[in-house]
Structure formats: C-alpha cells, structure tokens
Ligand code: ATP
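Here we start with a single chain on its own, the form predicted on its own, put down as structure tokens.
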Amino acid sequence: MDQQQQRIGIMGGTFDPIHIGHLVTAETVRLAFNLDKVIFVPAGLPPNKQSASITSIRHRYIMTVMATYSNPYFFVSSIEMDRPGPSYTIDTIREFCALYGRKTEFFFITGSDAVTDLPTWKEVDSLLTICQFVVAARPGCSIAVDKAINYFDGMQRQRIHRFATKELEISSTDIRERVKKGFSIKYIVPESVENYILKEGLYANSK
C-alpha cells in the first residue's frame, strides 16, 4: 500500500500510566477499522489538566513505549512532548497530515469521557474535516456521549464513530491510587510498566 493511502489510528491520552485497557481498545479498533498502524501520542501539556499534577512527560513517554513495544502495529510519537505549550489535538493532527500526506486517513481514538467535551475542543470543525473520531465506549454508556455527538451536524456527525468495547473497569486514576496505597497493579498494566513504576517510585507519594 502506498504510504500516502494509509489508514492510521492516533491514540492520544495522558497515559499516566498507560494500562491494559488502552492497549485492548487500540488493538480492537485497529482490527475493526482496518488500520495500518496505531500511533500512541502521550500528551505533553493537556489543556484541560494544566493545573493538575501530571507525571513528567518523560516518564509517561517511556512507559508508553514499553507497553506497546511488542505489538508490531503500535508506535509511539513524541510529537507533543517536543512541541512547547498546551497540546491541542488539531495541532497534532495537522503535523501528522504534513508528515504522511493529506491522502492518509486519520482516526483519532478516544474514550467516552474525553469526547463529552469535544464541542469545546480547539478548532473542532477543522479537526473533524481532517480526521475521523472513534469513541471507545462501553455498552450502555452514556447519555452525555450521545449529547456531545448530536451537537454536530449530519456530515460532521458521520465522522464520529461510537464503538462498543469490552467492559474493562480500569482507569489510570485508580492505578495511581492503588500504588499510593501499596496495592498490587499486576495484570492491570504490562509487566514492564509495573516494574518501571516501582523502580522510579512513581505515584507512591502522589496527592
């Protein structure tokens, strides 16, 4: 396949830390949408979390590389780590368009929590023009997601795909809390990520 005709998934997120739920979602979407690859993009400075305590991008990037290394279809980009200022999705997708060519189809993979704020994202109309969205939502979840999707008109709405995923009750917030309390995170994150968290002392003293 010509490089300019690829179908590429972009999975953005804080990944603080990345966990099994992220990986299962990415692989499921890759197969369902016939994607050539999925590029994970750890957020440099999420606009909606500027005042929150976020682990260093260096740690989050390394953990993401570790977690995805064994999958030949998974890749990790430092594009938001290298760009100063808040990490806006529109800027990231535009950079990927310049890199891969405008004939490439991009699918931004996100969770139901993030998409509820989609109408407020920077230049969201332009964003939906240059990439499609895949919203990974558990069955029966939630009215807020439908409300966000229905905010857009017919053509834009067609570029937002609600995709049911397996119900994995895993969150990065819960993982950080488990580490802080001294509980096991084995099998919730890849073994390499678990070892890195313990070795670097991440989350043990988080607030």
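Each residue number is its position in the shown sequence, starting from 1. Since the structure is predicted, the reported quantities are computational estimates derived from the model, not experimental observations.
Omitted from view is the form predicted in complex with the ligand, to which the following refers.
Of the candidate stretches 110-118, 71-79, 84-92, 125-133, only 110-118 contains residues with a heavy atom within 4.5 Å of the ligand in the predicted complex. Only one of 171, 156, 28, 56 comes within 4.5 Å of the ligand in the predicted complex through a heavy atom, and that residue is 171.
Interface membership of residue 190, defined by any non-hydrogen atom within 4.5 Å of the ligand in the predicted complex, is ruled out. Along 8-44, these residues reach a heavy atom to within 4.5 Å of the ligand in the predicted complex: 11, 12, 13, 14, 15, 19, 21, 22, 25.
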